[in-house]
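Below sits a lone chain in structure tokens, taken as the form predicted on its own.
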């Protein structure tokens, strides 16, 4: 099945994207708001994550408990939260209840109470989530790696900083909300057992008269490649690597996706085979493609013991560099099968489809039908992929390690040389 995707951008800048999945009794929606850690005011990091929590604590004619009860009565499974460039408020439910649910979410973003009484509770939740990172060295590593890699606000953690969170006031976040809660650039994606015309009419009724320019997103900028270490009393050493890839929408986007999948898709992937299976260096290793608006990059990760950190870093970087020499036909087909299987599973879930519609519209400027993505991946030949890899410039790595001792810094320069 290849259901059509319908889009419409209202005069206020809100884009509606709908995919009818008539065989489903359920529906999912994502309302993506283009603000996050990158648009937090200076000295107020974490204000987006506090606002995302605060929004649910009373809206329209309902207080915090009444709003939660109304969602529960409709069977809404809610999710979302603040990220780097965007904040999501999302829901999944039976399709018949979509009008009532979307009306509640319209109150959420257009008529939130943002009361002083609920502010402290929202900030406490944010502080607790930040404190929980102490128990997750891998998350701490990736947060620190982003900060090291980006020179722009894209390096900020969406969790915020403890001192900034504690200094936030209800008035400051409320004033910031008036600036950032706006339709311009927002995306409402809906997927499931609905009809396009009905959803468009509903969205027009609820959101078309909403006004506001919103906060402009910064342009991604990266720092010079370098090596940092964070001393931590941990039993393992965490190794993170970041380097430039392709921006969203580049003609070779899917070739790059296949190349990264060769590195890290499944137990037959290069990193798993070379770093873990053959040498037994790590308990976990991977590579993954990441993107922000207008910029793409690749992250590598390995978790190992302090005693084997030097060798792990050398082998990991060596495999990332060796990818330019090309891949085999078997590696390509294994990677392609893994990515296509993921597409199938995404397409079976209204939540997965709605999330993909919002994400792709935000990053690429338009939704990407699963059939189009499938065709693009299937069209990449071994010769085309290897030509692409051979023409790619040598990667320049930013490396960040976290653990009791730092791996030798010369390992980075030795591989790059």
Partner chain sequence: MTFHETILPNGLTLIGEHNPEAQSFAAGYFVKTGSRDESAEVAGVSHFLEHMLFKGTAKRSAEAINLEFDAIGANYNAYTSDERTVYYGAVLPERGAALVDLLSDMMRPALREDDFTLEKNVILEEIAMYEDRPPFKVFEEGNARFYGQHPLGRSVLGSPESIRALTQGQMLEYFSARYASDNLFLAVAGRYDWDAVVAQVERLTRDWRPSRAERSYPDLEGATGEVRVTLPNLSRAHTALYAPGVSAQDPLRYAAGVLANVLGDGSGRLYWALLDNGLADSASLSHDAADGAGVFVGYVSTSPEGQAEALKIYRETLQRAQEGVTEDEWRRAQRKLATSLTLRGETPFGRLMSLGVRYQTDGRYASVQETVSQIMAASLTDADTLLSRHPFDQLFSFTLEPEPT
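Predicted model only: the values in this text are computed from it and were never measured. Positions refer to the first chain, counted from 1.
The following text describes the form predicted in complex with its partner chain, which does not appear among the structures shown.
Checking 151-159, 275-283, 211-219, 167-175 against its partner chain in the model of the complex, the stretch whose residues place heavy atoms within 4.5 Å of it is 275-283. Looking at residue 392, you'd find every heavy atom of it more than 4.5 angstroms from its partner chain in the model of the complex. For the chain shown alone, residue 115 is not a contact residue for its partner chain in the model of the complex, no non-hydrogen atom being within 4.5 angstroms.
Contact annotation: residue 77 falls within 4.5 Å of its partner chain in the model of the complex, judged by heavy atom distances.
Using a 4.5 angstroms limit between non-hydrogen atoms, residue 255 is distant from its partner chain in the model of the complex. Only one of 334, 180, 110, 229 lies close to its partner chain in the model of the complex, with a heavy atom inside 4.5 Å, and it is 334.
For the options 386, 349, 45, 361, the one in contact with its partner chain in the model of the complex, meaning a heavy atom within 4.5 Å, is 349.
Residues from 206-240 that approach its partner chain in the model of the complex with a non-hydrogen atom closer than or equal to 4.5 Å are 233, 234, 235, 236, 238, in the order they occur in the chain.
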